[in-house]
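In structure tokens, the next block holds one chain alone, the form predicted on its own.
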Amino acid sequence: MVDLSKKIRFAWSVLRRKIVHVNLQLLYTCNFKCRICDFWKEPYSEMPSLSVEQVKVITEKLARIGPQVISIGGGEPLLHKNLLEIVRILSKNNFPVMICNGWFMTPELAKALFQAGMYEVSISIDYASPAKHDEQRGMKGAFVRAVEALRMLQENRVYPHQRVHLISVVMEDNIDEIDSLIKLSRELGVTYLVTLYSDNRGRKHGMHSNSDISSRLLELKAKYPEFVALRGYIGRFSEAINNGGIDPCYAGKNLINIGTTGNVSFCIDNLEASAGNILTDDIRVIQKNLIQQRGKIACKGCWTSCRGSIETLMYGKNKLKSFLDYYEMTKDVAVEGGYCK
């Protein structure tokens, strides 16, 4: 059931501009070879995964600074053999969410994830064309399996507050396919989100032009109720592309990343800049180190959803619109039907 006190404490953290979002990499192993990611390559692919006992330590320490949205990631999180137990542990004090490729989803697993306390699952689909999506993800059949995963998840939610999203990484070669992807979301009875591609980590190629992506996304947002991304977030995509990011960045203050060995950095693009290890160090000391690092590393080179949505809520110009959009993104949806049914 929904813990009202947990939600109130989270809202209080948002108002005080505390750490409210944690990216938690359980493992870097993946069954895909996506062109837009390098975690499936060495040295990441050889790194260990977090154990259940380590996750318990992490949640105990995070509990000292209030509940957070914990985005379970990788690699492919469904490859972790103890994922269900980890979700149960995280859900006691936090709001676990997950983005995955959907390849290993089954109806039984979908229901078990929601019974364990998962709040939200997003499945990645970047192109309306199955062939283009499969090529991007380096796996034949990826598109079909992702669509089936969305159906399984939507049909097996346990509580109305649990949500299922189709999410796309926005690039210059798929902006014209967003309309079709939103329509696919509507057919599946799920909602639609986007994140802006970042080439800030590793040696990845830029995949954006200087076109006015924001105007196009805002038009689609006004047209389709299924498109639940925050207007203040997508409204700055063009600015981020043209200026090489959004400045200032509040990662480390409101957002942190925890890697598979427990090292804490202010974001996933700066894994080497560790502020300490949450498995061995005091969380308050780590917080102080993060603040000190923010003053030394001037980085603005991304505008991904994990950062952009939080910063839009906390620092955006039109907070009323942002909170209304956030409500649409998280509001209850009847378990027996989809978003538009």
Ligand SMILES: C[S@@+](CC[C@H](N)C(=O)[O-])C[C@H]1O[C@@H](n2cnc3c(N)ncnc32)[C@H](O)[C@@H]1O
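A residue's number is simply how far along the shown sequence it sits, counting from 1. Bear in mind the structure is a predicted one, so any value in this text is a computation, not a measurement.
As for the form predicted together with the named molecule, it is not shown, yet the points below apply to it.
Participant: Just one of Ile182, Leu196, Leu255, Ala142 has a heavy atom within 4.5 angstroms of the named molecule in the predicted complex, so which one?
Facilitator: Exactly one residue meets the criterion: Leu196.
Participant: Tell me, which of Gln162, Ser265, Asn94, Asn101 has a heavy atom within 4.5 angstroms of the named molecule in the predicted complex?
Facilitator: Exactly one listed residue reaches within 4.5 Å, namely Asn101.
Participant: Picking from 165 to 173, 221 to 229, 256 to 264, 239 to 247, which part of the chain touches the named molecule in the predicted complex when contact means heavy atoms within 4.5 Å?
Facilitator: This holds for exactly one stretch, 165 to 173.
Participant: Taking the shortest heavy atom distance, is Cys30 within 4.5 Å of the named molecule in the predicted complex?
Facilitator: So Cys30 counts as contacting the named molecule.
Participant: Does at least one non-hydrogen atom of Glu76 fall within 4.5 angstroms of the named molecule in the predicted complex?
Facilitator: Because a heavy atom of Glu76 falls inside 4.5 Å of the named molecule in the predicted complex, the answer is yes.
Participant: Given that the partner is absent here, does Ile36 sit within 4.5 Å of the named molecule in the predicted complex, heavy atoms only?
Facilitator: Because a heavy atom of Ile36 falls inside 4.5 Å of the named molecule in the predicted complex, the answer is yes.
Participant: Report whether the minimum heavy atom distance between Gln154 and the named molecule in the predicted complex is within 4.5 Å.
Facilitator: Although the named molecule is absent here, Gln154 would stay clear of it in the predicted complex, with no heavy atoms inside 4.5 Å.
Participant: Please state whether all three residues Ser124, Arg137 and Thr304 have a non-hydrogen atom within 4.5 angstroms of the named molecule in the predicted complex.
Facilitator: Looking in the predicted complex, the three residues Ser124, Arg137 and Thr304 all sit within 4.5 Å of the named molecule (heavy atoms).
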